[in-house]
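Single chain ahead, written as structure tokens, the form predicted on its own.
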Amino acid sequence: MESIKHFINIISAPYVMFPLILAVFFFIFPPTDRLLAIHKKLRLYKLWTNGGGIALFSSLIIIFAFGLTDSNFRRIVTKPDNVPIAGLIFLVVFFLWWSMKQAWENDERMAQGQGPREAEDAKEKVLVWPDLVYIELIALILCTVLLIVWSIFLKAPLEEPANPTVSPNPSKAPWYFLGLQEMLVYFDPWIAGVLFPTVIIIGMMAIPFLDTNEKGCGYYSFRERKMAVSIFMFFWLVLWVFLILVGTFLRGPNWNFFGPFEPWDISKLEALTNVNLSEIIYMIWLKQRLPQNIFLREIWGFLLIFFYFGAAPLLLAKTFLKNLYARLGSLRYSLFTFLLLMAVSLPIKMILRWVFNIKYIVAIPEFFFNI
């Protein structure tokens, strides 16, 4: 049992778990025609829709039941603040499997010349009264009973009055802000707390104007909306749900990483030396002191960012996103790639921190400008 717990603690490390999550993500959501062709040729969608999703859901139940036998795991998961997040895991996996199963079934039906299953269901007339009202009334009663039982058996996590001289360790935001709190580890506060939320809100508002594809409206389909579905799920699952889970279950005292079966030792210290890109180039590679001139010191970071946001969209337009560029046009494609590259910059920065201990690409603390 201890060997199993130790193995789970090892794969829970972010530099191990994150690549595994990305592999599973692209297994479920192949975003390009080439990946989708390989996916269908190997019939991987059958593995996911028929048994893979159920197997994953069952594995989560077994791991959760096994984890409850450990005092450290039980202390974290059964904390009143964390119980809804534990339930979130099972709900996300189940509805992800259910929706993708319906999407792949519709894609097969349409490939055979049939319409989506929702078109057949639409032929049936459902009256608002009494059918819909009865269903909503039953759902209302069940939710009310659930909340009452929950409030009786799960105590509210109230603590002593706030003491400005004593801060809890770890000090965590509410669950819906844990994603932003995790971003603060990798980005400056003005980026993680201001720029990223603004770009996310504006990006969501711009989606209907960027994606004018009318296919897949009103019915589940992946083949007809593979790019849109993959990008949305990447934003939601990888860049939001994953960060919430990490902040809830794997971040302990001093904001260090802890495995699910590892005790939260307040004296644990991570032996990491985070350095900036300019320090790596000048002090480690070139064996010299940092230049006094700010622009000369950070020129390599500026060039890297210019290439990332300037040259990368052009290269993608000529290669992987050629069809998308032809469909969207220059303006909408530019907005689309900017939002996409902004989102992808988060996992890139996370990997740079974990693998190379790079703190900032551009570091200008003199003007509080760090990227």
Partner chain sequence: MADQTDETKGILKRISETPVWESVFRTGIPRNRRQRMMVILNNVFLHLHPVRLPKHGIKLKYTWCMGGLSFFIFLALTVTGILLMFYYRPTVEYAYGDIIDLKEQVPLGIMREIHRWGAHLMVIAVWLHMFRVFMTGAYKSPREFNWMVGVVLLVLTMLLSFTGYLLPWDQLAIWAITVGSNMAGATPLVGTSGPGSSLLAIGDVNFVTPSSDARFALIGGRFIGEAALLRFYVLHCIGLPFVIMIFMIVHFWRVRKDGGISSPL
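Predicted model only: the values in this text are computed from it and were never measured. Numbering follows the first chain given and starts at 1.
Omitted from view is the form predicted together with its partner chain, to which the following refers.
Asks: Since exactly one of S71, Q112, N163, Q292 fits, which has a heavy atom within 4.5 Å of its partner chain in the predicted complex?
Replies: The residue in contact is N163.
Asks: Can you pick out, from G301, G216, G247, G259, the residue that has a heavy atom within 4.5 Å of its partner chain in the predicted complex?
Replies: Among G301, G216, G247, G259, a heavy atom within 4.5 Å of its partner chain in the predicted complex occurs only for G216.
Asks: Since only the chain is shown here, I'm wondering whether F234 would be in contact with its partner chain in the predicted complex (any heavy atom pair within 4.5 Å).
Replies: Taking the distances in the predicted complex, the answer for F234 is no, it never comes within 4.5 Å of its partner chain.
Asks: Verify the contact flag for D81: yes if a non-hydrogen atom of it lies within 4.5 Å of a non-hydrogen atom of its partner chain in the predicted complex, no if not.
Replies: Contact with its partner chain, yes.
Asks: Evaluate E108 for contact with its partner chain in the predicted complex, applying a 4.5 angstroms cut-off between non-hydrogen atoms, and reply yes or no.
Replies: Result no; E108 lies far from its partner chain in the predicted complex.
Asks: Report whether the minimum heavy atom distance between A119 and its partner chain in the predicted complex is within 4.5 Å.
Replies: Flag for A119 set to yes.
Asks: Could you pull out the residues of 336-371 that have any heavy atom within 4.5 Å of its partner chain in the predicted complex?
Replies: F367, F368, F369 sit within 4.5 Å of the partner.
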